[in-house]
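This document starts with one chain, in the form predicted alone, laid out as structure tokens.
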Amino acid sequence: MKTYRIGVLPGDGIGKEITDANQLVLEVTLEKAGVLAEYVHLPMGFEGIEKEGTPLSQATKDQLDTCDAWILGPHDSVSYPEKFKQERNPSGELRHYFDLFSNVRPAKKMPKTKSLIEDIDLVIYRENTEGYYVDRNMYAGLGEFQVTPDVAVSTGVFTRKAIERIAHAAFKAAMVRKKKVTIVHKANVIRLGSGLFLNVCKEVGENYPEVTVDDYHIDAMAAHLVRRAGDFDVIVTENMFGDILSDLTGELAGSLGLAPSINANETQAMAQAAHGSAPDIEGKDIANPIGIMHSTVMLLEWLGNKHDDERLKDAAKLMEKSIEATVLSDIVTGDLGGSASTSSFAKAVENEVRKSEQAIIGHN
């Protein structure tokens, strides 16, 4: 039986609190599912600076290269010493270094949460390696420069290879959802770059004749999401547009603080909650760990599909149902109107996993 190597990088601010909470639930879930896992705890952010002299060392990346997947806590890169602020932040560096080209960000209303759109249930497939993100769209160096003190030029990059692979990921997801893909672009103004994105996505769509395809300009799409997000299913878009739209849909679904995501290539994946490090509440044991927990659910699903391992797929379902059952029992943190701490919420989810009667063992 395969033993899965899972990296854990707690990061900054509330990172250790939420990753510890997540670890408690993950370990009991995998144990109940009969999955063998080895956890590799690695420094990142201020811990990395303290222990290794840098927020994200080559040694850490080398260790991650031996892992099947990893869980990334939040980072507070704006507070790092000045000499590190010219570098890619840890999240950007990991996406760039490992070519994690697919950033998958679902938005779905959770029970007991206040959602602005009640029927929202969509997922954004964001191209993760190029576009207008100048700190990661070049092989070497940054994709921007300053001609004079008064003139700056920032370069957007769009390649057929990158567009094709994110489009295929989106269309494959649509095949197991509602068979509908929406392409978001700005081809009416950015005619070559965004136009290439639109046209290549449409070409890829021809390989999936069962999937309905439509497209919207980014500005119009933002308005449509606010008005009728429930009409959309799979959205595929470039890097910057995907970043902006996923924050919007996270809030429409209830709270960006609950929003999960994974970053993946063909062989590895990284779970990462959409929220930040919240240094103002660090150490108070009040942070909501649902975002990182749901990101881990996504990670288990991804691993189960990649390795064709039903144990992992069942573990993902069990963890997700246990989180939901805990929320439905009114055990929630203060941001959702409850009184649970980070650690007590995790303990309650752990108890739900332990008492679950779901038969998930036996896929031998």
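Counting begins at 1, following the sequence as shown. Just so you know, these numbers come straight off a predicted model, no measurement behind them.
Same protein, other form: the form predicted in complex with a small molecule, not shown, and the subject of what follows.
- You can rule out all but one of 284 to 292, 116 to 124, 217 to 225, 235 to 243: in the predicted bound form, only 284 to 292 has residues with a heavy atom within 4.5 Å of the small molecule.
- Contact with the small molecule in the predicted bound form, defined as a heavy atom within 4.5 Å, holds for exactly one of His185, Arg105, Arg95, His75, namely His75.
- Only one of the listed residues (Ser194, Ser261, Ser277, Ser91) places a non-hydrogen atom within 4.5 angstroms of the small molecule in the predicted bound form, and that residue is Ser277.
- Mapping the unseen interface onto this chain, Val25 falls outside it, with no heavy atom inside 4.5 Å of the small molecule in the predicted bound form.
- The small molecule is not drawn, but in the predicted bound form it has no heavy atom within 4.5 Å of Leu9.
- Residue contact with the small molecule in the predicted bound form: Asp335 places a heavy atom within 4.5 Å of it.
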